[in-house]
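The chain below stands alone, shown as structure tokens; this is the form predicted alone.
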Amino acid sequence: MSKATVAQPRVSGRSPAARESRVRARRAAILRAAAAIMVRTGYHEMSMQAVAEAAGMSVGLIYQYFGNKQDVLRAVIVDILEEFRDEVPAAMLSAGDDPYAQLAQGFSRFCRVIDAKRDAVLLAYRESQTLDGAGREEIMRLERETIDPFRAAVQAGIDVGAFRPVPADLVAHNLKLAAHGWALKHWDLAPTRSLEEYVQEQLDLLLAALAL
């Protein structure tokens, strides 16, 4: 899936690998700055000048990457959804064939991505309806792709008799919502438990519902 950009950023005088690394670093800095600002002020109050100042670069440089504010918002949300899509299945694959282990590894990785990008998660809930129709369709598609590995693992566990028969799609959605809860209720959860404790406690609750 291509990112929301309007032009290929120009970074001269470097090797192709170095230019690509510089582009990725600049883009990541823009998205971090924009997410932090939008969480504080909301999308409509955010200015590209404020993003530039927070990212430590010029407004003109930002416009080499993004055409307007909506491009920035879309990229912030798409960025985290694509990270879920790429990293969660890889974590589950590393767990081998045990469906319990697959779900535990996938959920743990999901929560760690969320912990690293809590601002982006909050924005996905708060501002996704601000996007145009194409943007909302992209977000919904990526959301579905995010939980497909959970659904498949639950169904596989049911098929081999490791899990009791339950609606696999609801279990997948519950895993996603529990992971998102770390961002949505971080203010209340973090003072009483670490991320690792939260992950384990949620897994104890969620996986107990699958036990025969």
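One rule holds for the numbers: they count along the sequence shown, beginning at 1. Note that the rigid core is defined as the largest set of C-alphas that superpose within 1.5 Å between two forms. Nothing here was measured: the structure is a model prediction, and the numbers come from that model.
Unshown form predicted in complex with another copy of the chain; subsequent notes refer to it.
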Please state whether all three residues K176, E201 and L206 have a non-hydrogen atom within 4.5 angstroms of another copy of the chain in the predicted complex.
yes
Looking at heavy atoms inside 4.5 Å, which stretch does another copy of the chain contact in the predicted complex, given the options 49-57, 22-30, 177-185, 155-163?
177-185
Heavy atoms within 4.5 Å of another copy of the chain in the predicted complex: does S15 have any?
no
4.5 angstroms heavy atom contact with another copy of the chain in the predicted complex for S194:
no
Though only this chain appears here, would V171 touch another copy of the chain in the predicted complex if you measure heavy atom gaps against 4.5 Å?
yes
Residue contact check: P167 to another copy of the chain in the predicted complex, 4.5 Å heavy atom:
yes
Heavy atom within 4.5 Å of another copy of the chain in the predicted complex: which residues of 121-138 qualify?
Y125, R126, Q129
Please determine whether the C-alpha atom of K69 is displaced by 2 Å or more between this form and the one not shown following superposition on the rigid core.
yes
